[in-house]
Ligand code: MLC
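Quick setup: one chain, the form predicted on its own, written in structure tokens, and binding and motion questions come after.
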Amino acid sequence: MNNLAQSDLNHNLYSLLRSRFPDDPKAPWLMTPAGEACCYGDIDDTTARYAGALQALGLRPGDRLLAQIDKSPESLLLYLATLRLGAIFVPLNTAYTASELAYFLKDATPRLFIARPDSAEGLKESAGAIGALLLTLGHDGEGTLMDAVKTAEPQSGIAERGPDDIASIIYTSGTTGRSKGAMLSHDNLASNALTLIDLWGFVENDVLLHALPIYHVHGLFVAVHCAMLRGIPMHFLPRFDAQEVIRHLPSVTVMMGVPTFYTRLMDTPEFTWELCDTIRLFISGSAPLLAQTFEAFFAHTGHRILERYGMSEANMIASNPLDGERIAGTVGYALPGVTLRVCDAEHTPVAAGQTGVLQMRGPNVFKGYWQMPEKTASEFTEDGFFVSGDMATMDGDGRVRIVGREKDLVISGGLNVYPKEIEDAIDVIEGVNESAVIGVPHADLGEGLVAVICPLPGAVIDSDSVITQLKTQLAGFKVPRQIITVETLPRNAMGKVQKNVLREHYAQTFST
């Protein structure tokens, strides 16, 4: 019996996406490197089977489904099915270790936890401790979840959701404390995507190259939602591979990527000016695009990358123009419907061109941090602006430049890295007195991680040994690429380590 109602007033994001499917049921949706195609006409029936399986497994509206799985057509269908059931999709970086996952399981308290088959055995205890049902999904569509889908009774309805009901929780690291879960509502996601397809000029004959991961805002929301709301196909690559991207470029018109994608393409001899003839738009985000990369890419291809600015708590916030000047080192203007201001520590707007903290208000801004009401309240001003923590300037006509971060968060290769977590892991290594982890300019990653270590008297720090030990405890993207040993760390009069001094001193670490 179908117990899910539908109505014209339903704010469920899946309902909006479905309303934009092409009239032709054979219109391609996902195209894999192997040449397989998933059609728009198959999405509704397929997600109905997934939804039936999830409901039979006990998933209900408002429940969390935690997923640490490889990118695949099946993983994207799982996301859509979770939406239509009215449950909350919680994707996690596939690089997180079992010890890191234990925190997310305890915090999110999911009804279902979907993991990769090869990692499930080591996660049973953590899942069982919070009463989550553990299923598996592999990159080739194998696993116990798919076994359940094959025998499920389809659930064809779409759960009624209000505009503020939560569609997804995206965990984002800060500079103190543990990761926070940003709660994004159905309307947060819908309003942002509807704005972007117009702002970036998506048309019916566009084809999107999708080489991003789908465990964060950029790949899962920005790319997928833009494509589906315009009913266009995506070349759906499991990961970024320069040769695979080059193979597909002649058959696409839009590519979204992180700066690392573009630097690695330029390092590949087969990436030529002529190869980019069919491309309408290259978009970059998730990490700062260095001015040198912007200029080098233009010289290499004749294309000016469109840089935009977003974050887990607000999806996309600002963008350089589709038609108009794109200036290297800037993130452009506030999106339509979004209000931005740059303020001092008392939340008073500063003069044009002055540096302050970027604040924002709009339909894209999240509903708060999961189970952290006090933290949520502290991050919003009395007049409803979210305090981003990013240092910025805004010129007289509203163009924004991000100049740094208020705290110590590092973005490396498009991923947020929390330095204190790494420092805590380093400081317990034999012979280490203390450490400071910083991010410095890196042509490929945007920022590269450097660990500055002060050893105990008489101790000798072996860099390779430190890195080896860290790799057993932390996701690979959190492991520093360079270890530097010093006698003392610089401190201010209050005894606090001056990371700004370290960043300035080691700014050229990766430039040679």
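Note that residue numbering begins at 1 and tracks the sequence as displayed. All of these numbers come straight from a predicted model, not from anything done at the bench.
Only in words, not in the display: the form predicted together with the ligand, which the text now covers.
- Candidate site formed by Leu212, Met316 and Gly414: every one of these residues places a non-hydrogen atom within 4.5 angstroms of the ligand in the predicted bound form.
- Per the 4.5 Å heavy atom criterion, the ligand in the predicted bound form is contacted by stretch 216-224, the sole one of 334-342, 271-279, 216-224, 288-296.
- Among heavy atoms of Lys106, none comes within 4.5 Å of the ligand in the predicted bound form.
- Although the partner is absent here, Phe240 sits close enough that one of its heavy atoms falls within 4.5 Å of the ligand in the predicted bound form.
- Arg264 belongs to the set of residues with a heavy atom inside 4.5 Å of the ligand in the predicted bound form.
- Although the partner is absent here, Met311 is a contact residue: one of its heavy atoms lies within 4.5 angstroms of the ligand in the predicted bound form.
- Proximity to the ligand in the predicted bound form, defined as a heavy atom within 4.5 Å, singles out one entry of Pro33, Gly476, Pro61, Gly58, which is Gly476.
- Val258 is the sole member of Val437, Ala87, Val245, Val258 with a non-hydrogen atom lying within 4.5 angstroms of the ligand in the predicted bound form.
- In the predicted bound form, not one residue of 358-391 has a heavy atom within 4.5 Å of the ligand.
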